[in-house]
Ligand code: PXL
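First comes one chain, alone, set out as structure tokens in the form predicted on its own.
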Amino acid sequence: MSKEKILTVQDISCVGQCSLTVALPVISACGIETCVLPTAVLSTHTAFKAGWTFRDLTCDIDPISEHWSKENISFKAIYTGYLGSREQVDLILKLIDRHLEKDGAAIVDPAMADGGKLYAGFPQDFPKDMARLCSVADVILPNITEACLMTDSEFRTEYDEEYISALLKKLAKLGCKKVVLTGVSFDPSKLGVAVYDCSSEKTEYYFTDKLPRMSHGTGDVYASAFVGAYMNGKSVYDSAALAADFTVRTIEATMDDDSHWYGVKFEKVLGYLIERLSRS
């Protein structure tokens, strides 16, 4: 089978423009064969009103992996997003060992928290399990809340470059090779990322204008665009910058529609992402 394919492991929210319904189209638009392994199926994402349905697919992960092993299926990259339990983390570690090619990349978005607290439903010790997954990653993409929880650091809404530097060094100690820390801001009008090479200890920043809108699903949009760019041969920094630019444009494409509160209209901006990638 073709080696130019990746696997993304996360849930499916049938409505809501997040997780797999973002990752599959965005990475595919980047010209990468995108295989999926759903960890759960939800009727909508959890920001919708109470009553959404949830079906856990943990019990399917290992049988799927065993079938892939029989078919000698492997992946150039494995990209993980929202995982719902310690058991799923253990299964994904096993999956990476089984199916990631020797020169492949493990990319982890430790999607579990924001705004200083864990998402609903996670036990308080879950960050320790996510840290175990990050320890085997080539690239991790935490936001500041997730970074703090995995490193037992104080979460702050106001901070300086020294605080971010200390946080990046703590993340490096988890064992990953590169860190892309999202949601970094030293100026109220700017929002960006800190890209950290754990071996050279070099930090690079990239900032965009901060838009006056909170949008659901932008973390998944960002991570998916990053993976698509990275698998096209761009550096971690260039991939992080392109993903930031793309995410800003998806928010801009949604700004005039207050009814579209549950996600961003990334579909309208896929042409921009494809054009940016084609330049190189």
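From 1 onward, residues are counted along the sequence shown. Quick caveat: nothing in here was measured; it's all calculated off a predicted structure.
We do not show the form predicted in complex with the ligand, though everything after this point is about it.
Legend entry - Heavy atom within 4.5 Å of the ligand in the model of the complex - the one residue of Val236, Leu42, Ala244, Met231 that qualifies: Selected residue: Leu42.
Legend entry - in the model of the complex, the one of Tyr163, Phe155, Tyr119, Phe207 near the ligand [non-hydrogen atom within 4.5 angstroms]: Contact check passes for Tyr119.
Inset, instruction - Using the partner position in the model of the complex, report whether Cys35 sits within 4.5 Å of the ligand, counting heavy atoms only. - result: No, Cys35 sits far enough from the ligand in the model of the complex that none of its heavy atoms falls within 4.5 Å.
Legend entry - in the model of the complex, Met255 touching the ligand (heavy atom, 4.5 Å): Output for Met255 is no: heavy atoms all beyond 4.5 Å of the ligand.
Legend entry - the ligand contact at Thr46 in the model of the complex, heavy atom, 4.5 Å: Flag for Thr46 set to yes.
Legend entry - Heavy atom of Tyr82 within 4.5 Å of the ligand in the model of the complex: Judged by the heavy-atom cut-off of 4.5 Å, Tyr82 is in contact with the ligand in the model of the complex.
Legend entry - Candidate stretches 246-254, 62-70, 25-33, 46-54, one within 4.5 Å of the ligand in the model of the complex by heavy atom: Flagged stretch: 46-54.
Legend entry - Stretch 19-38 - residues with a heavy atom within 4.5 Å of the ligand in the model of the complex: Going through 19-38 in order - heavy atoms within 4.5 Å of the ligand in the model of the complex - there is one hit, Ser19.
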